[in-house]
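In the form predicted on its own, a lone chain appears below as structure tokens.
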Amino acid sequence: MYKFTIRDKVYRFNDLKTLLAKASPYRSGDVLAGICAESYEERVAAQIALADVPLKTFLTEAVIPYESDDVTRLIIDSHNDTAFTYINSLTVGEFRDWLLSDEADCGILKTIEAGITPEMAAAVSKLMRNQDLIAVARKCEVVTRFRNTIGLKGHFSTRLQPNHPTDDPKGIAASIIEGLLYGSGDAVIGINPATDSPSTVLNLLTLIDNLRGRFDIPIQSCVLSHITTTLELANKGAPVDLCFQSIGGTEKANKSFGISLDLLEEAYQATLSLNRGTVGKNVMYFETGQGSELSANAHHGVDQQTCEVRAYAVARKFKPLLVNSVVGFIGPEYLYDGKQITRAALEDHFCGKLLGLPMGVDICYTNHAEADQDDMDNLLTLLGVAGCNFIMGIPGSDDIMLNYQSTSFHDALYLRKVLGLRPAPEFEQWLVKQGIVDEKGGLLPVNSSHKLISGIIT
């Protein structure tokens, strides 16, 4: 039992799960689940009570029972006691203050990441203002490698997302070329296929691989099919660079995606065995999003943000190249408006980085959400300041296959320019060599005689 008194009124919270839910900043998904604070005062009472909870408590009181959930078992069994010794005497509130101190620099945060459980990260984020989330996340550097190097300080990458409603190769190729000419694609060229058929996925993988090989582009590709399709193709020797899967923070949520931890391990090993990386071996790409557990009726009464961070424990096990919070994609039932989307994105990025993950964010919203592109511009800038590893690059910011609004090639250029950020170093060298950007990173004009365009035409 946790409690706090305000003006002679005692607020009681039966367990840690309830306390975390009541302390969570307001969002529509927790209202829908019936677990949010009933008033602003109750939320503040929960946050004050949460601040006094020792971090050690999260190792003995699970929000979802150890016996009934394999994600809980993964979190507890993989916890690093040695890394935890740096912070094991702290309460959640003291942990917040320490994270914001100069003592907690990049090196120290790297040292302790394996000792932080998802619930600890979620808890401390609930006590933080937006600027706190930005300040701490900015201190974290999470670097991953496959054919280029992603996540270095001063660098900022994009996933080139050339989706097409019929998987038309010409339409996809046109979007890829356009994105490359805007300096997009160093995180990955990642296609969401309209169909999950192995033949279609293989055709798309081959299309990107042929283009990459023809122009010797230091990038990685991914077709975001279900992991079973990717596994089948990898076992046949198809040109699979990265293995993709959407993941959740509970065993039941992952079952709704048609996956298990064992299946993820099998696919991870199969993709590693292809040995296609040149500068590194991070081969997994995961996507997450607040609300997926609730939408699958698999949240066990846990608030959506804590569920989201638990998914990061699954991702962390497989040393991914990329983790992407598709923050506003599920809809206003879970994140109602621009304010809620912004808060959730900053939470996700902070918590992922604190756990040692290479976090990117799909800065996005559905057309029935109370949000617009100005909200996304604000969030884009905040995440750039926070040190986000990558965002999406979509023609015109309008995904014509998935039917949602995201960020464009131009948005990434804006962020690089105003914050002085550069693409992945290997990719930037290629852009300079191709005459796409100058030595200072400025975009150069192109015409039909440009070597990349003329090479495609011929």
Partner chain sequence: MAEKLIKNDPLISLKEFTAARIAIGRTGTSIPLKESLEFKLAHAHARDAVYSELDIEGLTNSLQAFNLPVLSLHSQAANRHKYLKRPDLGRQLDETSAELLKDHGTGADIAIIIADGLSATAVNENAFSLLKLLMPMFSNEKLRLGSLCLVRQGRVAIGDEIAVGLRAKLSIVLIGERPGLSSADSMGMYLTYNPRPGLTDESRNCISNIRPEGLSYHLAAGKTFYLVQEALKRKLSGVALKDNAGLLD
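Note that the structure is a prediction, hence the values are computed from the model and not measured. Positions refer to the first chain, counted from 1.
Quick note: we don't show the form predicted in complex with the partner chain, though the next part is all about it.
| task | State yes only if every one of Thr82, Glu251 and Leu261 has a non-hydrogen atom within 4.5 Å of the partner chain in the predicted complex; otherwise state no. | result | Verified in the predicted complex; spot residues all out of contact, no.
| Picking from 378-386, 358-366, 91-99, 145-153, which part of the chain touches the partner chain in the predicted complex when contact means heavy atoms within 4.5 Å? | It is the stretch 358-366.
| query | Hey, in the predicted complex, is Ala174 touching the partner chain, heavy atoms inside 4.5 Å? | reply | Yes, contact at 4.5 Å.
| said: Is it the case that Thr228, even though its partner is missing from this view, gets within 4.5 Å of the partner chain in the predicted complex, heavy atoms only? | reply: Yes, Thr228 is a contact residue.
| field | is_contact(Ala122, the partner chain) in the predicted complex, heavy atom dist at most 4.5 Å | value | Answer no; every heavy atom of Ala122 is more than 4.5 Å from the partner chain in the predicted complex.
| Wondering, does Ala296 line up within 4.5 Å of the partner chain in the predicted complex on heavy atoms? | Close contact exists here: in the predicted complex, Ala296 approaches the partner chain to within 4.5 Å, heavy atoms only.
| query | Of Asp105, Glu370, Glu141, Glu266, which residue is found within 4.5 angstroms of the partner chain in the predicted complex when only non-hydrogen atoms are counted? | reply | Partner contact (heavy atom, 4.5 Å) among the options: Glu370.
| request: Note that the partner chain is not shown here; using its position in the predicted complex, name the residues of 385-415 with a heavy atom within 4.5 Å of it, in sequence order. | output: Residues within 4.5 Å: Pro395, Gly396, Ser397, Asp398, Ile400, Asn403, Gln405, Ser408, His410, Leu413, Tyr414.
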